[in-house]
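A single chain comes next, written as structure tokens; it is the form predicted on its own.
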């Protein structure tokens, strides 16, 4: 079955510099530094990345960070819990905007 996202494309991510090497190099340098151990461990950052991948709905990132988190010793239960945290935050973000809707509705109904 053909899909818009081809999992094989993830292996070509390193080739994004083909149309602009200077900025690609800067991005990959930045990206590499972000994921180094610092105030957070590379392991912790990998789990955060998996959660963010679900929030931004990037199938390439989901594949990459599912593999990475498992390689770093996280369990399936921990991965799913991270996804539930993402879901709770995304749902809450939608619901908190209902305050704006309620204020506007009350203003218009007066």
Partner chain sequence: MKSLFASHNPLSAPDVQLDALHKLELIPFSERIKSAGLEDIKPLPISILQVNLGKMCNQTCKHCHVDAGPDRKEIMSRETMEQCLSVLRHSNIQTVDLTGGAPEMNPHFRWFVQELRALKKHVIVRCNLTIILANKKYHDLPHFFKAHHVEVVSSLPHFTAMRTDRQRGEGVFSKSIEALQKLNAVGYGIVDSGLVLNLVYNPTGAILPSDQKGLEAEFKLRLKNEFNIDFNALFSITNMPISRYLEFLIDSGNLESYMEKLVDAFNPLSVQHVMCRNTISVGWDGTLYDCDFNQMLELPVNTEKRNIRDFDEHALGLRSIWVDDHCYGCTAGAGSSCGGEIA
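Everything numeric here is computed off the predicted structure, so don't read it as measured data. Residue numbers count along the first chain shown, from 1.
Heads up, the form predicted together with its partner chain isn't pictured, but that's what we're talking about next.
Asks: Quick one: find which of 81-89, 23-31, 51-59, 68-76 has residues within 4.5 Å of its partner chain in the predicted bound form by heavy atom distance.
Replies: Among the listed stretches, the partner-contacting one is 68-76.
Asks: How about residue 11 - does it come within 4.5 Å of its partner chain in the predicted bound form, if we only consider non-hydrogen atoms?
Replies: Yes, residue 11 is a contact residue.
Asks: Looking at its partner chain in the predicted bound form, which residues in 28-48 have at least one heavy atom within 4.5 Å of it?
Replies: Residue within 4.5 Å: 43 only.
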